[in-house]
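Two forms, one protein chain; structure tokens for each follow separately as structure 1 and structure 2.
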Structure 1
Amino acid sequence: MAQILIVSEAACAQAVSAAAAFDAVRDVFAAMASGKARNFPVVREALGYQDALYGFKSGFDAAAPALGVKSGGFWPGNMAKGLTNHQSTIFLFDPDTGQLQALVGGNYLTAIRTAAASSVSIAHLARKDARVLGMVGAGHQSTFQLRAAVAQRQFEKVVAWNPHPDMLPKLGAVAAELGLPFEAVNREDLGAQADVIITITSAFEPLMMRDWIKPGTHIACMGTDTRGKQEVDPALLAAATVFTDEVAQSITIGEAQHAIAQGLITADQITPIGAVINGTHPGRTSDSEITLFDGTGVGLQDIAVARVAAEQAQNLGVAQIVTLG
């Protein structure tokens, strides 16, 4: 008889720590770069109903092995109903038989796997002596980003800017909880102070200009995951060594789309972060180099953390098990 695990949002939060998400995302980025894992083309459609955007992100990782799909999207009217606007569920299938294995809540996991991606980039690309973390953005994802980033370097201070300043105290409270001084600054000051910068906004225009970024900075651009979105000056990508989760997404829906469209960089100048993890690319080669990670978000990240969620939730006894006759 087939058994299906159901792992709720609450169970996911109990089952998957930032550290476990880091390991899962690092390993799947490595598998992608060595050709053992691949993402399938993303489907994303406007439903023409409730103003909703709906789609699928899927992939197969032969190294794990893991097969699955994240299905969901964005329902802008949800907030008024007391629900999160982003809604998603991850389906895991048995790679040997195709049978459904688990239904896993995708909202918490999306935040934790996105934070894991930027923290993997910090671990592999930021200067070892990075001390000031700059946060551009203060929405839902930002607190997850901050928590994951501080585990990677001995940060002594957080500087932050957000287009809606009233959102900053929530981020400041997390910094305080982590024992870090927090300062709201303007964007130029943020660039002048920060050794590592994370951008995590819904912007459609450059928020950080090339001239504001000091030599040796690592910047993780995490907000741009759709055509038209943008967070930084395209000239910054031309000045930086650019890394990404997946090049095909980086040049079409990621931050690199603008530098590519303007002919400032070419796709072969963008390196999958997995190559650095695998040791086939040196990553940062000097203390004055600017490194930029274009985190676009791939289905295999979702599948990787959903596997951890299913396994750990079962171990903790917080997964529901449905037996099909």
Structure 2
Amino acid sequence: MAQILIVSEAACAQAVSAAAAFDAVRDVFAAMASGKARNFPVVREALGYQDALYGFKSGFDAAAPALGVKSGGFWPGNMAKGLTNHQSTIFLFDPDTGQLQALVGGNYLTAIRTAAASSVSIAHLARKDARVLGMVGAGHQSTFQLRAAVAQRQFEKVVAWNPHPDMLPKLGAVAAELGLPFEAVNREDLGAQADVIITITSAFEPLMMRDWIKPGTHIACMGTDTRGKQEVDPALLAAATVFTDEVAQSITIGEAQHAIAQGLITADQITPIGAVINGTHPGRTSDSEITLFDGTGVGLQDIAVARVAAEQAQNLGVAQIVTLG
């Protein structure tokens, strides 16, 4: 008889800390860059119903080993119903037999693994003396991003902009909880002040322009994960040293898709962040260099944090076990 572990959203929140997510995402990025882990092609489609996007992300990590798939998407009307717009479930399989091992809630894990990815990029690419954090976006994932970012540098202030200003106080409350002054600013002022900028929106147009970004800034573009989406000026990628989670996704569904389409950069100018983690690429080479991380979100991130969730939830006694005859 087969046993399947079921890990709820509440159990995931108990089982996976931001630090654990950071370690899992860093390690899987390193495995990807060394050729030990690979993502499979993404399926992501507009349903033509409820304005929803739905799809699958999957992959195999031989270093773990781990095999799995995340199924889910984005329902923009969910917030009005008291639900999280992002909805997903992660399926883990036994790499040796192909049998289903676990069903893991994917909403909390998607938020914390996305924040972990930008946090990994800040740890490896931002200037050591970065003191002002800029947040573009104030939705559900922004608070995860803010909490993860402040663990990597000694930030002294947070500046933020959101297309709906009424959403900014929630982000400001998290900054206050973290002991950081918070200021709502326009986008140009944000670029002028920030040493690190995180964009986490669902925009389809550039929100930050090249001329607004000062030398030495690190930008983590975390919202673009679908063809057509866009958060920054393509000229900004041309001016920056560009890193990503996976080049194939970066140039097709990530922030780099627009700069690639306009011929401003080529795929071989984009470096996997895992190469920096592994020490085969130097990362930032000067304090004046602009670095940009194109975080497209890969299935292996989800699988990595789901494995942590399954293991820790079981250890904590907060997972359910279902036996199938």
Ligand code: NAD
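Residues are numbered by position in structure 1's sequence, first residue being 1. Rigid core: the largest C-alpha set superposing within 1.5 Å between the two forms. Keep in mind the model is a prediction, meaning the values are calculated, not measured.
Number of the structure representing the form predicted together with this ligand: Between the two, the form predicted together with this ligand is shown as structure 1, not structure 2.
Is_shifted T252 between structures 1 and 2 (CA, 2 Å cut-off, rigid core): After core superposition, the displacement of the T252 C-alpha between structures 1 and 2 stays below 2 Å, so no.
Rigid core superposition, Q50 Cα moves 2 angstroms or more between structures 1 and 2: Where the cores coincide, Q50 still shows a C-alpha shift between structures 1 and 2 that is 2 Å or more.
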